[in-house]
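Encoded as structure tokens, the following chain is the form predicted on its own, with no partner shown.
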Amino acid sequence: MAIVSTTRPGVKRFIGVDFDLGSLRVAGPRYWAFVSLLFSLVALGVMAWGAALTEGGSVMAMRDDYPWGLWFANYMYYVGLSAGGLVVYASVHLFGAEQFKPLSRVAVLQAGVLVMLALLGIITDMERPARAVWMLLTPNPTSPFVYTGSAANIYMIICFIDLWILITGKGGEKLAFRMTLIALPFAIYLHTTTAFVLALNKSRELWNSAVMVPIFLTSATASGIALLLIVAYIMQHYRVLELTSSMFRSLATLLATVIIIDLFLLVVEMLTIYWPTAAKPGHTIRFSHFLTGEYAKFFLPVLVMGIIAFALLASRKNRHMPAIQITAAALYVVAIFLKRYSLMSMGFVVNPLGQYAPPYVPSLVEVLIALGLAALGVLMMTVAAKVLPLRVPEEEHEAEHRAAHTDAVAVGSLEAG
């Protein structure tokens, strides 16, 4: 593929996409200071990963009691966050939610970047990454990791192909619609198989629950929409996108709806654990560590922040206010991270031999790797906001509005006739 110069100064075309490299040259010092900070964090993450590769597991806090650590909590978190982008994108093509159309490119980009971060987290946990090839050559069909790992890879590729289609317009609305029909089942498959990594593990009692899959899906969707709402405000603030207040109100309404479903499922699970005639001793003992024990500092904020986030968005009077929307979204993004951390810990708080394990605290190396990956994701979004054409052209909106208006008039005429 050749890089082609366009008539616009500083814009290069590659694989049909116009990259506005000239905008980087005229970017202000604050932009480059932020990019430099992100590069520094990424470099620290790479150095920390280098330490893990050379020193082995001794620089990690993961031990026998906690064979999975921060990387796994982040894997669940990033995979979940990617759901919000797809929900918004799919709702445009499947349900005609045209108010989300200006956000579609950013939504797909966000989903692809987040799944990529989840996959990179798995690689950084491997002390011998080259051996991952054996997983591909000799997959174990009884391991859920085979399914969630392959689904994440395919889903990431689908997201970036979707983004290319949306930007170039190749195939028009018909191809975009068909890609949505492919992407949506894959997204559900990805989140389901990720939840099955926990739910199918019968030796870890709190994971082995039938409600694990639906609660994983609702948490993923809610946190993903919340993050997308925050990203949308940032993009609008820096004039990358022009978005309407009605779009934000619709997104906030959707977020409030999913939050209350997510909280409802969590309360149902807790009632099942503690109901006298339904409680299983193993579940009750383990969950009590998260309500009153050492783990409560991770789990109780999930409930508190979740309820506050919903309460803020529940009122129609306040839901349209940007400060309310951003506060509620930020609360739920943080709440779901703590929820993933707690979820990971629930399987290890008491081992299969009945021995209690104190809370896992990641080592500095693990934290730096996680920060480096997060910085890489923000860096990609920051550069993409400058370089990629993320704004949906106005004529595309107008054409769709005209088509929708024509269809409405035609339907009205038929009904009148």
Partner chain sequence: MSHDSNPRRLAEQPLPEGCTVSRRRFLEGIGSAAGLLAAGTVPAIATVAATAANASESVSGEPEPGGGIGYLAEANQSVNYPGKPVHYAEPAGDQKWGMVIDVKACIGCRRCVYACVKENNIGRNAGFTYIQVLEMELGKVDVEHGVLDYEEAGRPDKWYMPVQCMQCAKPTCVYGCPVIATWKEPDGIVVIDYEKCIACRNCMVTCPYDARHFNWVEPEVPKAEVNPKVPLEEKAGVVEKCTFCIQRTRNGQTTVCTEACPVGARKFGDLNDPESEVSILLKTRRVWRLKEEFGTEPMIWYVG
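The structure displayed is predicted, hence computed values, not measured ones. Numbering follows the first chain given and starts at 1.
What comes next is about the form predicted together with the partner chain, which does not appear here.
Just one of 93, 204, 105, 319 comes within 4.5 Å of the partner chain in the model of the complex, counting any heavy atom, and that one is 204. Think of it this way: in the model of the complex, the partner chain has a heavy atom of just one of 173, 98, 127, 294 within 4.5 Å, and the residue is 127. The closest heavy atom approach of residue 57 to the partner chain in the model of the complex falls within 4.5 Å. Residue contact with the partner chain in the model of the complex: residue 145 places a heavy atom within 4.5 Å of it.
In the model of the complex, the partner chain sits beyond 4.5 Å of every heavy atom of residue 337. With a 4.5 Å cutoff on heavy atoms, residue 63 counts as touching the partner chain in the model of the complex. Heavy atoms within 4.5 Å of the partner chain in the model of the complex belong, among the stretches 26 to 34, 64 to 72, 39 to 47, 371 to 379, to residues of 64 to 72. Using a 4.5 Å cut-off to the partner chain in the model of the complex, not one of 88, 270 and 272 places a heavy atom inside that distance. Along 330 to 362, a non-hydrogen atom within 4.5 Å of the partner chain in the model of the complex is carried by 348, 350, 351, 352, 353, 354, 355, in order along the sequence.
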